[in-house]
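Starting off, we have a lone chain in the form predicted alone, written out as C-alpha cells.
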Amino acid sequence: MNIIALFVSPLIALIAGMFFLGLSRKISARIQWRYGPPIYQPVIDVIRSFSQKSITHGKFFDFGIILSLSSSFVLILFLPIGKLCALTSGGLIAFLYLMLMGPFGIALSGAAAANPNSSIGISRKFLLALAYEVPLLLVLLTVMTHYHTISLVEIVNIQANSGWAFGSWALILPGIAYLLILPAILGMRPFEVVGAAQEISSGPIAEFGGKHLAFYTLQHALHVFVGIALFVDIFLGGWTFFGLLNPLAGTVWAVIFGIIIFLLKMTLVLFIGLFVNAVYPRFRIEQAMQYLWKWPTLISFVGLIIVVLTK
C-alpha cells in the first residue's frame, strides 16, 4: 500500500490542487458578479507556459523553483490521503521543517532574478511565514500533546475510533486558530501581500516565465492542497466519516471512498476560505503580522494550556 501511495498520492494532490485553483477563481468571480474563467483554466495556463520560451537568471534561479516544487511533493507523502500514506515516520516534526522549504525555494529564485519587486515580495513572504508559523506551531503542539503522538496516520486512526478532533472540546480552540491562519498559509486575501500585482508586480515571480512559471503554478497548487489537507487530517478525521466505511474495511472500495470523503471535506474547507477571500480587502504586511501574532496565537496558546492542564 505504501508503494502505491508513493505514486498515487502526488497524482491525486496535483489534480485536486489544480482543481482547487480553478474552482477558487470561478467561485470568487461568481461572488463578485463576474463570469470568471473555466475551472480548468490553471491546466491551460500550465500547458501554455511549458510551450513558451523560458528565460533563466542562472543556476540558483532554476534550482530554487525545483527545490520548492520538490519539497511540496515530499510533503504530500507525509499526508494521509484517504487511507493512502507513503511515509508514516517523521510525522508532524518533519512536516514543519519541510513547510519552510517551499518559501525558501521561491525566495532563492526570486533573489537570483535581482528584481526589486521580487526582493520586496521575498521579504514579505518570509515575514508572513514567520507570522503564521508561530500559531501553527502552537496548534500542532496542542494536537501532538492531546493524542500523545507525532504521527499523522495515528492521529487520523485515533479519530476514527474516538471522533473528530474538532468535535472535542479540548481541541476546538486550536481548530479555530488553524482556520484563522489558513488564508495566510494559502496566500489568500486578506493575506495576499506576497504577490500583490497592484503594488509589486506579482512579487517573487515577477521574472518567472515559461517553464518556471509552470513549475510555480504546480507548486502553488500543491501548497494549497497541503494547507487544507493538514487541517482535514488533524481536525476533521481525514478519511473517516462516522463509521460509514466500517462495512467496507479491508477492501479496495474503502480506499476509494476514503479518498472521495477526504476530498469532499477539503472542498468544504476551501469554500470557507473562498468566502473570506471574496469579501475582505488585502492587509498590509504589518497588519497581517499584527493579526497573526494576536488572535490566532492567543487562541492557540490558550488551547495548548487547556490540553496540558486536562491531561
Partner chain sequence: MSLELLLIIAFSGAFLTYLSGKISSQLRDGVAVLISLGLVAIVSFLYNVQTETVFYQGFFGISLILRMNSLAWFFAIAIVSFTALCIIYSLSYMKDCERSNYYYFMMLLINASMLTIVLAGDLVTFFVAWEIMSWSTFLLISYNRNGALQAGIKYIVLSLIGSMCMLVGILSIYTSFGTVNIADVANHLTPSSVGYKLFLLIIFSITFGIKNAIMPLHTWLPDAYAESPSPFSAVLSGMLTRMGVFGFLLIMYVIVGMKTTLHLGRGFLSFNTILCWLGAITIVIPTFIAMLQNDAKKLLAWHGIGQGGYMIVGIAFGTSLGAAGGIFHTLNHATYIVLLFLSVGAIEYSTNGLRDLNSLGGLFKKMPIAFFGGLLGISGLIGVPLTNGFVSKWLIYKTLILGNAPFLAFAALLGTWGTVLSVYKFLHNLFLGQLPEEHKEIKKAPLTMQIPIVILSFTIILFGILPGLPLKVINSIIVAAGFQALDINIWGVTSETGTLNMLNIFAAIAVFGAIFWGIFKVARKSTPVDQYDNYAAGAAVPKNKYHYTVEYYAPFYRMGKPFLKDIFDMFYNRIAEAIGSICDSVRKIYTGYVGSYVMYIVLFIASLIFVQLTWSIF
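Just so we're clear, the structure is a prediction, and the values are computed from it rather than from any experiment. Positions refer to the first chain, counted from 1.
Keep in mind that the form predicted together with the partner chain is missing from the display, and what follows is about it.
The putative spot formed by 157, 164 and 266 is not touched by the partner chain in the predicted complex; no residue has a non-hydrogen atom within 4.5 angstroms of it. Remark: of stretches 177-185, 230-238, 126-134, 164-172, the one touching the partner chain in the predicted complex is 126-134 (heavy atom within 4.5 Å). For the chain shown alone, residue 55 is a contact residue for the partner chain in the predicted complex, at least one non-hydrogen atom being within 4.5 angstroms.
Although the partner is absent from this view, residue 251 stays clear of the partner chain in the predicted complex, with no non-hydrogen atom inside 4.5 angstroms.
Although the partner is absent here, residue 192 sits far enough away that none of its heavy atoms falls within 4.5 Å of the partner chain in the predicted complex. Contact check for residue 18: no non-hydrogen atom falls within 4.5 Å of the partner chain in the predicted complex. For the options 221, 84, 141, 152, the one in contact with the partner chain in the predicted complex, meaning a heavy atom within 4.5 Å, is 141. When you look in the predicted complex, the only residue of 270, 261, 255, 285 with a non-hydrogen atom within 4.5 Å of the partner chain is 285. Contacts of stretch 105-136 with the partner chain in the predicted complex, defined by any heavy atom lying within 4.5 Å, are made by 107, 108, 111, 112, 113, 114, 115, 116, 117, 119, 120, 122, 123, 126, 127, 130, 133, 134, listed in sequence order.
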